[in-house]
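Just one chain is shown here, as structure tokens, and it is the form predicted alone.
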Amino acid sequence: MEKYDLPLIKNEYDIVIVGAGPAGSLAAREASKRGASVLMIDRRKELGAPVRCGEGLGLKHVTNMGIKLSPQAISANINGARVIAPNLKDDIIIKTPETKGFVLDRKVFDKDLAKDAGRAGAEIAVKCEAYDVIKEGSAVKGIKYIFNGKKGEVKAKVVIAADGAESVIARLAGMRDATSTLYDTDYGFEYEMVNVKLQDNGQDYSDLIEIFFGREWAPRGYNWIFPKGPDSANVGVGIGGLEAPNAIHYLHKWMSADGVKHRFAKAVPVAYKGGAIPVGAPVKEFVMDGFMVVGTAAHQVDPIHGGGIGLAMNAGRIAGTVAAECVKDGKTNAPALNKYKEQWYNEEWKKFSKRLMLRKVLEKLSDDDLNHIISNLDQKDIDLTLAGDFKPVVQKVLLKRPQLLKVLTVLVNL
């Protein structure tokens, strides 16, 4: 009988990508489509696991990235969001093009993205862990890895770090701000549950993502219900990093609160998920000589809700395109690769910076403030807020709560 060996990793590629999540796979797909030789590795033996997020993704990201979702990758179609005040009574229903999307099955979705990269020509090695970078002076020239129990080295003109929060490869390459401070880190924990009641008070919320605010059970964050089927959902909490050890405590405290506990009376967890989420500004520099960082590794995560799939895919798309062009031109130093940062900022920063400021404002609001605001805003106000036009919304809030002037003024000046 012939001995079966895993596919060999060649000694050199144009581009090596560490991490086969959404950012890595989009970078691999775009670079391969442009003729670059690409290797994408991931330390996991199964892509998409373990899941570290609520699995929500906006329709616009799917459309803009040219992705065809397989039916198996979609757990639920989402038509909007419901935001619930800390009193668990007042709420706002939001249904706009911005809130249309999906709750995914990440195990299927991530694997589908990797398959697309493979079909475009990228080589992929799972259960392959990068443990160091190869450097010549200040330039990154490849990585050192362990694959199939053996150590190896691979040279590359460009290495792309797409290995998630607290990126090991970015730190090894010398990016000092690859590690988030506790202030700029949230921690999410959730159950995937069955027997969750997705209806309440005669209303059906099975096509809405539900966000529950309340300092009592989610300090500097929120709780959520992301539907995944007729009676199943991701049920979780996102809180500030300093409170991370108490995440499960806060989740159970909310699930047992009088205004919501009836929805979990018969609920049973079938999976546990969680992880750190950088929610501050992106890393200062996206590139070094021969090196790029993308997605959660670059802290390209929405500062308000901690969602990173869409931002990660777009960053990967841009980085993969730029990397391939730079390889073709024979210039892979930092000034050449910096076209990626320039394009990302041009596409994302205006909205991202406003949401970063909004996050800092929300942190200063009390539960009583949030009860007041949510009870007085309507769909039009939310549309303006999502568009980054805060001034008319702030004016409306201040009419009845002028004491918030100092806190909210910063939003008017954006």
Partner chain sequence: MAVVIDRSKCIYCGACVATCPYLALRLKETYVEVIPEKCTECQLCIKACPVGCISLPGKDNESKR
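Residue numbers count along the first chain shown, from 1. This is a predicted model, so every value here is computed, not measured.
What follows is about the form predicted in complex with the partner chain, which we do not show.
- Contact annotation: of the candidates Glu129, Glu123, Asp184, Glu210, the single residue with a non-hydrogen atom within 4.5 angstroms of the partner chain in the predicted complex is Glu129.
- With the partner removed from view, the residue among Gly274, Pro282, Gly307, Pro227 that has a non-hydrogen atom within 4.5 Å of the partner chain in the predicted complex turns out to be Gly274.
- Checking 310-318, 323-331, 266-274, 211-219 against the partner chain in the predicted complex, the stretch whose residues place heavy atoms within 4.5 Å of it is 266-274.
- Each of Val168, Arg171 and Phe189 comes within 4.5 Å of the partner chain in the predicted complex, counting any heavy atom.
- The partner chain is not shown here, but in the predicted complex it comes within 4.5 Å of a heavy atom of Lys45.
- Contact annotation for Asn246: at least one heavy atom lies within 4.5 Å of the partner chain in the predicted complex.
- When the partner chain is considered in the predicted complex, Lys150 lies well away from it, no heavy atom lying within 4.5 Å.
- Among heavy atoms of Gly80, none comes within 4.5 Å of the partner chain in the predicted complex.
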